[in-house]
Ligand code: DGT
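The chain below stands alone and is given in structure tokens; this is the form predicted on its own.
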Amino acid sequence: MSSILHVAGVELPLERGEALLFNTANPLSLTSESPWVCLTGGTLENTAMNQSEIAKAFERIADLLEIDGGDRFRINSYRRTSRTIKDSTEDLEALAKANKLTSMPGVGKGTAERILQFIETGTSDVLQELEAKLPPGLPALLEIPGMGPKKVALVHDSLDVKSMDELKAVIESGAMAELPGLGATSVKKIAEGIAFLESSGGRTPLGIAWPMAEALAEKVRRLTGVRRVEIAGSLRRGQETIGDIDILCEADDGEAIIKKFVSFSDVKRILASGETKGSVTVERDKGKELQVDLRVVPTASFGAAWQYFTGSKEHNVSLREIVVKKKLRLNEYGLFDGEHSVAGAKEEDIYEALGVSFVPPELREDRGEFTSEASFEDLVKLADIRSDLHMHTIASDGKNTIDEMAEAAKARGYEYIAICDHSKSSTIANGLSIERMQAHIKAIREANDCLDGITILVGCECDILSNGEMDYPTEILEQCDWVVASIHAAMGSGGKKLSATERTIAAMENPFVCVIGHPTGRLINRRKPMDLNMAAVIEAAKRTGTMLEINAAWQRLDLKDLHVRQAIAGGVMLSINTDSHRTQGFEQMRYGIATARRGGAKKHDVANCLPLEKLRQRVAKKRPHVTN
């Protein structure tokens, strides 16, 4: 089932396990555990996103019941229902309308009624009762890595822990380590989990903030008297996480616009409301709020304000050093020579008047953009992308067929794609056995023969095993046009097993491996990157002719921007891929492009900007004995 956000005619995708929740009563309220809604023409409508939302809600009920000491049979029943809903390929809402919810495995009359309540109201009496019964700070402990419902219940029942601060206190006092079944090692890991959660939880991932900002900007754009609306700040720079959302608006009556802005139904709190600036918070997820600042500026100052509120603090400081040397004055109102305005209406005019090159927003971080060596020509852009070389289908853990993925890619103007389903060791992702992979290769070839206008390459995402060997034998890999090699398990291996760096380099030595997928294995705000010696990996990639992936899925953005810069400096070619598990996932390419641009990647640095024959030639250089 698809989960899509429509904003200003753009479809924003969700992948398996990465849906975001828009509260149906609050179209700009997102959570990292829920799906999208459709926001079109100022109205709110549900899409198939409800299925993922409801599955997670049943799982949450089970968690809260377990914390509360509920009946084991009842807890398991809610978990089974969650899995049934998540794994169902049928439209839940359509089943409800046809009174066929009980046709789903394990769904009885009572469960069907609860599902229907979620569909109609977005919540349930059971969930509300549990949330009201438990201390408000207790469910938040489930967000800590290593703290499941049993441990939360244990510390609550034994030590009367009701919040994060109280949990920290019992960890520090040593009382938690004395509880049965825990011990010093487990408690240390939980403490590390808290530290990681707190260090990352304050910032919002790009993939959550971007659609929120676009939806808000569109609402401002529809206000009477507004001529232009643009997004600024770290979001415009494409940072992987952002602190708040900055929006600029061009209009004459600033106070009237601000009054309407702070009265939006999405607003949780009003922080400021003045003649030209309004600051509010909107709900992000799990009670967290995200600040949004709207500034109204006149036409003559719009470019200066856009520059001022886009560049990082460090970039703007360096720019002002240039301004001072020229004996000028720069602020958000314009560039001035005394009282005379030199520039202000357009961003480009600011840089031109200062005698420096216009710096693309993604590169305004004071990382050498004002040096003579800096070059911004031919920086990769979305329109340069000819293909997506990492995607999944229903053969493994995807949601669409080969044909459906190919047709969607063709509709985006792509010339070719690579179908890269999981290899056999990725059992949790329904990885393909050798026999199934053989049949899959045949199916991809047949689909390619039948479909005009796009070429479908046979690919696979092959696991790099803990000993550095590939999950598939040579006779499978040599049948593939494109092989993505990835580490999915034993990420922290050491001692007798190879390190992540050794495993990655071993995979690159394989003549059939084209690219290393999501090289560091990180999940933004959720999982730290592997301990990878990036310099050694880049050297090996250059030596072996292996590419490195920028995984554009917003949870990953891996390689990150600094590693992109490092790879380019090392002469390594990149491949920007969405790792899509459904057709809507292709929309995430823009996050990968933003990351690539932040790293200074140019069109010639990116493999999927190449015509197909050029890509084939590049692959053939590593395995010249293979005829494509």
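Numbering starts at 1 and runs along the sequence shown. Small disclaimer: the values here were computed from a predicted structure and weren't measured.
The same protein has a further form, the form predicted in complex with this ligand, not shown here; the description that follows concerns it.
Practice task
Decide whether Gly344 counts as a contact residue for this ligand in the model of the complex under a heavy atom distance cut-off of 4.5 Å.
Solution key: No - in the model of the complex, heavy atoms of Gly344 and this ligand never come within 4.5 Å of each other.
Problem - Close approach of Gly233 to this ligand in the model of the complex, 4.5 Å, heavy atom - result: Gly233: yes, in contact with this ligand in the model of the complex.
Problem - Contact test in the model of the complex: Ile242 vs this ligand, heavy atoms, 4.5 Å - result: Because a heavy atom of Ile242 falls inside 4.5 Å of this ligand in the model of the complex, the answer is yes.
Exercise for the section: With heavy atoms only and a cut-off of 4.5 Å, decide whether Ser312 touches this ligand in the model of the complex. Expected result: Yes, Ser312 sits close enough to this ligand in the model of the complex that at least one of its heavy atoms falls within 4.5 Å.
Handout entry: Location of this ligand contact in the model of the complex, chosen stretch of 397 to 405, 267 to 275, 316 to 324, 120 to 128 [non-hydrogen atom, 4.5 Å]
Key = Of the options, only 316 to 324 has residues within 4.5 Å of the partner.
Handout entry: Listed residue that, although this ligand is not shown, lies within 4.5 Å of it in the model of the complex (heavy atoms), from Trp210, Tyr308, Phe512, Tyr416
Key = Here the answer is residue option Tyr308.
Handout entry: Contacting member of Asp246, Asp421, Glu549, Asp471, with respect to this ligand in the model of the complex [4.5 Å, heavy atom]
Key = Contact check passes for Asp246.
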